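As a starting point, one isolated chain is supplied in structure tokens, in the form predicted on its own.
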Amino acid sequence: MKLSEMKRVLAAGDIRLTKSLGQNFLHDGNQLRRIVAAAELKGSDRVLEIGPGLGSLTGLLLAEAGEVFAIEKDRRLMEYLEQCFADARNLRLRHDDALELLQHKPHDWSGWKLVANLPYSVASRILVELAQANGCPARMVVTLQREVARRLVAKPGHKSYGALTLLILLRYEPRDWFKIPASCFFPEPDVDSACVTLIRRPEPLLNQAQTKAVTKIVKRAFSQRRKMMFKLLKEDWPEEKLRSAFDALQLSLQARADVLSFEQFVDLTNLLI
């Protein structure tokens, strides 16, 4: 969908976009095709799309995948999508809040791929929710705020490295990402965006108990990232046990969370549980 057509559709339907819903629609055909290419779709693939908007990405997904399940929160856009794709037999549309649906109605997404331009305001929470699901998607190709993309691929010591980085790394490996300028969206957002590809690990790195524990440790350790991690963790773990674990891993008691690698967090968790 070209920008001129997008504006025409919005005007014809008297649809005024809502900033709180993150309604910045990608209209650049080259960028849309790059997103679809990153998904490496096959005719047998099932695709979850969150926030289809006016369907610019949806149409390309329908042409490549066997099934597309699109969740749209805005009733006005939902009505347009139902009309626009009335003949698409491989599309299921649902009018719902995607984050609430993921939180309250667990589903096995292990046989699916997430391909979506995620609403900025809930992008991180949606990714964590899916990554922590019992059946998480095989691949996630998502467009989001560039700063969030940096957090997903950040390394220890970088200012973008944090809880989101680690919670996603538990189940996914970042493969690639590319920048998408604000001019490719309508209306133009105040920030640049990026598309990130995340590939599910062949096997979970940790069992359920370990995953729960490392999630607790990571969230506590980054709750005040400028403070020493040892002092923060004392709120949840006995001091002597913490000292023993830190000594075993040769970690300084003055270390902050952002200097520890993913592997060190896993090792620390195993010593504490």
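Fair warning: this is a prediction, and the values are worked out from it, not measured in the lab. Heads up: residue numbers just count along the shown sequence, starting at 1.
Keep in mind the form predicted together with a small molecule is missing from the figure; the text below concerns it.
Inset, instruction - Check whether residue 265 has any heavy atom within 4.5 Å of a heavy atom of the small molecule in the model of the complex, and answer yes or no. - result: Because no heavy atom of residue 265 falls inside 4.5 Å of the small molecule in the model of the complex, the answer is no.
Inset, instruction - Report yes if any heavy atom of residue 137 sits within 4.5 Å of a heavy atom of the small molecule in the model of the complex; otherwise report no. - result: Although the small molecule is absent here, residue 137 would stay clear of it in the model of the complex, with no heavy atoms inside 4.5 Å.
Inset, instruction - Using the partner position in the model of the complex, report whether residue 26 sits within 4.5 Å of the small molecule, counting heavy atoms only. - result: Residue 26: yes, in contact with the small molecule in the model of the complex.
Inset, instruction - Classify residue 113 as contacting or not contacting the small molecule in the model of the complex by the rule of any non-hydrogen atom within 4.5 angstroms, answering yes or no. - result: Flag for residue 113 set to no.
Inset, instruction - Name the single residue among 41, 233, 62, 50 that comes within 4.5 Å of the small molecule in the model of the complex, judging by heavy atoms. - result: Of the candidates 41, 233, 62, 50, 50 is the one lying within 4.5 Å of the small molecule in the model of the complex.
Inset, instruction - Counting non-hydrogen atoms within 4.5 angstroms of the small molecule in the model of the complex, say which of 142, 164, 149, 77 makes the cut. - result: Result of the distance check: 77.
Inset, instruction - Could you tell me which stretch in 164 to 172, 84 to 92, 69 to 77, 102 to 110 has residues with non-hydrogen atoms within 4.5 Å of the small molecule in the model of the complex? - result: Only one stretch passes the 4.5 Å heavy-atom test: 69 to 77.
Inset, instruction - May I ask whether 21, 97 and 117 each come within 4.5 Å of the small molecule in the model of the complex, counting any non-hydrogen atom? - result: Yes, all three are in contact.
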